[in-house]
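For reference, the chain that follows is the form predicted on its own, supplied as structure tokens.
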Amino acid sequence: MSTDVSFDATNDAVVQCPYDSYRAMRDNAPVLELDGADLGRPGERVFAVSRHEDVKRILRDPNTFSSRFGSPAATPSPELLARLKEVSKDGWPNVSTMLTEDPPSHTRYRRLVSMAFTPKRVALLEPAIKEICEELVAGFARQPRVDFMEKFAVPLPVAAVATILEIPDTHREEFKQWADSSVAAIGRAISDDERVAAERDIVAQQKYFASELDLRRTEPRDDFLTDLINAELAPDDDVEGGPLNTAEMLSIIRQIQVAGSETTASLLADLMVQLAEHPDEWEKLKADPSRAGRVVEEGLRWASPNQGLFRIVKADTEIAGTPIPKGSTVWVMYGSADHDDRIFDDPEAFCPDRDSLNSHIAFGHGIHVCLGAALARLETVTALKTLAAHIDTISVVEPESLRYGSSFILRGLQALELELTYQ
């Protein structure tokens, strides 16, 4: 294969539309070495893996490919690190939990969190999520032009996760700010002052939820936080470790908050763009709301709001015939894998009736598959059904002006103005 392929994940043209670059990589350089410094990982050998089968193989093999890659944000300078430590000393340690851990630690965290974040608890949220959707639509009903991000895509997942965590309305604005600060530096370059400000928000978030956890210890409720405190491993779990401590719970709450808001908002926005571009699909959805599940799955495949994460190679290995030395970093590219024509016919097309619909890996794969996948699906399916019940036609205002944010990991539109007619 030709290795005469270049890929700059931070180039704005690539960020706005990476799919031609992904195809060139899959066809000609399925394992491509990149400049680690460009990805915020200076001094590391970084290999981008773009084919579906190779990405799945890596995600299934935590013994060779470790999730202990640290933060997906750029490595801070010594001066910035000192400033961040000065701010974070007032909070709790940033414990590595589910996202950046391997078994057996990861197994312990996953089992304990699963005891609180159960399918039953997620399913019980459906009436509340439907009510949130109806209220949001009522907020812009009959308006011919709507800022969809501001009026629907962003507030829905924020409100859904806030419902799980029992955040009162008076703290919803802070809650959204905390989520934004948690992802501010992921896959994008921001100033040192912005990094410090984000760290202050993270400490504020920690203090708020530490207080809530203390309250649940003295006044238990039938809620997620109480279940998280009470989760304990049984002898037949075959995993060692006690209940979660405060720092571990704060880390998990932060992950749930981020995963449940940022990526779901991005998915909703991309879905509306696709449905505007494919009015036949919107008509089918209006006529048969049960299609919403298929539309969401294709939206997940097409958009892949999380474009991929890193793994650390624990032993010399090879991928697609390319030697990968121990200690290297591998970037597993979900966004490219979900557009691989070896798996998906005509992958750039938006086709909810495709045969390979459930082969996407937008939520990851293997032991690290997203714990919040059921919640994200419930939110998005409920949203589409609600929107289809009220909106007749959709079109994007100035589609040529649509822009994605600068992160090469979290892909999402910065704004989306829609022109709507109503039923």
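Keep in mind that what you see is a predicted model, and the values were worked out from it rather than measured. Residues carry their position along the shown sequence, with the first being 1.
One more form of this protein should be noted, the form predicted together with ligand HEM, which is absent from this view; the next part is about it.
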{"item": "Segment that reaches ligand HEM in the predicted complex - one of 302-310, 321-329, 281-289, 201-209, heavy atoms within 4.5 Å", "value": "302-310"}
{"item": "In the predicted complex, residue 117 touching ligand HEM (heavy atom, 4.5 Å)", "value": "yes"}
{"item": "Ligand HEM contact in the predicted complex: residue 389, any heavy atom under 4.5 Å", "value": "no"}
{"item": "Interface membership of residue 59, ligand HEM in the predicted complex, 4.5 Å heavy atom rule", "value": "yes"}
{"item": "is_contact(residue 47, ligand HEM) in the predicted complex, heavy atom dist at most 4.5 Å", "value": "no"}
{"item": "Option touching ligand HEM, based on a heavy atom within 4.5 Å in the predicted complex, out of 99, 129, 136, 95", "value": "99"}
{"item": "Answer option from 195, 339, 294, 110, heavy atom within 4.5 Å of ligand HEM in the predicted complex", "value": "110"}
{"item": "Contacts with ligand HEM in the predicted complex - residues in 258-293 whose heavy atoms fall within 4.5 Å", "value": "259, 260, 263, 264, 267"}
